[in-house]
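Only one chain is shown below, in C-alpha cells, and it's the form predicted on its own.
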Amino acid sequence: MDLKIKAWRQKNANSKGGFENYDVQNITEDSSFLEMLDVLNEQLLGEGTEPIAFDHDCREGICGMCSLFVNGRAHGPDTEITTCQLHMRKFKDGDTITIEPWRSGGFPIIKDLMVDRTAYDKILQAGGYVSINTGGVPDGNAIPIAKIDSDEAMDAASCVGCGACVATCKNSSAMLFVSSKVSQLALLPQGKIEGKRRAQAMVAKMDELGFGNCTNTGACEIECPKGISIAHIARLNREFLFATCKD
C-alpha cells in the first residue's frame, strides 16, 4: 500500500515544531507501524534528509517506549496494544496518517516524536517500591495471599509506564499510572508496611511534576495498552485519604 505520512518534526525542546508531509510506498499490510517508520527513515536517509526520531526498544509490547499519537489516538486505531503491536492492515491504501508525540507538560519533547518520560521514574522513586526486608524468596512466597488479591495486584503490575493515560487525559493526569503502582503494593502484605508514606509521597511527586488531576472520564482506561482499570484510582484515593486521616 502507498501512504501519506504527516509527521511532527521538532529539533529540540526549545525549537518550534511543525508537521511535515512524506510519501511512503509499497508497505505490506503485515508490517508493524514501526517497521513502516523504518522504511520511511531509510527513504529519508537515501534522500539526504534527517530521519524521524522516535522511541522503541523491545517491539514486543513489553517496554512501552513506542509511545505515539496516531490519527488522534494513543498507540493508534486499535485496543490494548502498544504502537509496535499496531499493524498496517488497520489502514487503507492511500490513507493519510498523522503521527504526533505525547502532548503533556509532564513529558517535554526531546526531538520529533520522542518525549522525556523521566517524570514517571521520579514518581516511582518517590515510593513505588518495597524497602522493608521480608526475608528470602521462600519466606516471602509462604505469606498467604488471597488469589483475588494476587490476581488484581498482578493486573495492576502489568502497567508498562508508556504514558498513554497521561497523553489521552484532557487534564494530563498520571492517576492511572500512579494508582496502578500504588495498588499492586497496597494489595500485598509486603507493601502495607510503607503504604501510608507511599501514597502521600507518590501523589505529592505527581503534583510537583505538573500532572493534572483525575475527573473520571475513563479515557485513560480505554487507551491503556494493558487495559488497566480506573478502579485502581479509587484504591489510590482510599490509600491517600487513610494516610491523611492518620496524621
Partner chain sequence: MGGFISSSIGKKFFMSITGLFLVMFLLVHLTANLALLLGPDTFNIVSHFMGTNPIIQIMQPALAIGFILHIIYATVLTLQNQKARGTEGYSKVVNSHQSSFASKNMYILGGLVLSFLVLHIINFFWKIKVTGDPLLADVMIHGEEMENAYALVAGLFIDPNLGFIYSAVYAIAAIALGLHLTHGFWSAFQTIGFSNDVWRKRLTVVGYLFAMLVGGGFAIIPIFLMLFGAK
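Residue numbers count along the first chain shown, from 1. Values in this document were obtained by computation on a predicted structure and should not be read as measured data.
The same protein has a further form, the form predicted together with its partner chain, not shown here; the description that follows concerns it.
Only one segment in the set 41 to 49, 56 to 64, 202 to 210, 24 to 32 has any non-hydrogen atom within 4.5 angstroms of its partner chain in the predicted complex, and it is 202 to 210. For the candidate spot formed by Lys122, Val182 and Leu187, no residue has a non-hydrogen atom within 4.5 angstroms of its partner chain in the predicted complex.
This chain is drawn without its partner chain; in the predicted complex, the residue among Cys84, Leu113, Cys169, Ala156 with a heavy atom within 4.5 Å of it is Cys169. Under a 4.5 angstroms non-hydrogen atom cutoff, its partner chain in the predicted complex has Arg238 among its neighbouring residues. In the predicted complex, its partner chain sits beyond 4.5 Å of every heavy atom of Glu194. When its partner chain is considered in the predicted complex, Pro101 lines it closely, a heavy atom lying within 4.5 Å. For the chain shown alone, Ala231 is a contact residue for its partner chain in the predicted complex, at least one non-hydrogen atom being within 4.5 angstroms.
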